[in-house]
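Shown here is one chain on its own, the form predicted alone, set out as structure tokens.
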């Protein structure tokens, strides 16, 4: 796995790149179709969760909020690592699947909510992560303001997105970020008061882009 970090100031041209939440108009998951998607999300997501744990330097006993937790695969990995976790998702069907799938495991606090209005107390979290979901956020500024609010001083935000070549692609091919969108999101983090934000490129089953920001 290779890593590339860039914390240099953003140029005006980078800021003008397509928005990191280019699928903000997605209607959300619900009904029978949402259930099928939720069940499919139970597979093939452990690698991304392990990458997020490493990037966050998640320690046993720390508190984590998973924004857009889906059916809870990454939440489960964080619990195995010893974290106390709140899983937040705007889709009730995702939370129903999460509760059913992990009911025999360690207790997790599953909460209905969205990035723009997190049901979490001020300064509660050591880590907030959002894995393959920022491209759906309704409002980047509001989501980052909420993330900043719930993080304790020194807390870390970790965002992962699949690297894509065309932000205008339709269907699943467009679910992810271009490199320019990752840089744009990092600049949004800086504007929202994060001390620094770094962009990374990672190799696994496919290229993954990360942004790690420190409160």
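Just so you know, these numbers come straight off a predicted model, no measurement behind them. Positions refer to the first chain, counted from 1.
Absent from the display: the form predicted in complex with a small molecule. The rest refers to it.
- Of the candidates 63, 45, 148, 162, 45 is the one whose heavy atoms come within 4.5 Å of the small molecule in the model of the complex; the others do not.
- Within 4.5 Å of any heavy atom of the small molecule in the model of the complex lies no heavy atom of residue 96.
- For the chain shown alone, residue 133 is a contact residue for the small molecule in the model of the complex, at least one non-hydrogen atom being within 4.5 angstroms.
- Looking at residue 120, you'd find every heavy atom of it more than 4.5 angstroms from the small molecule in the model of the complex.
- Although the partner is absent here, residue 91 lies within 4.5 Å of the small molecule in the model of the complex, judged by heavy atoms.
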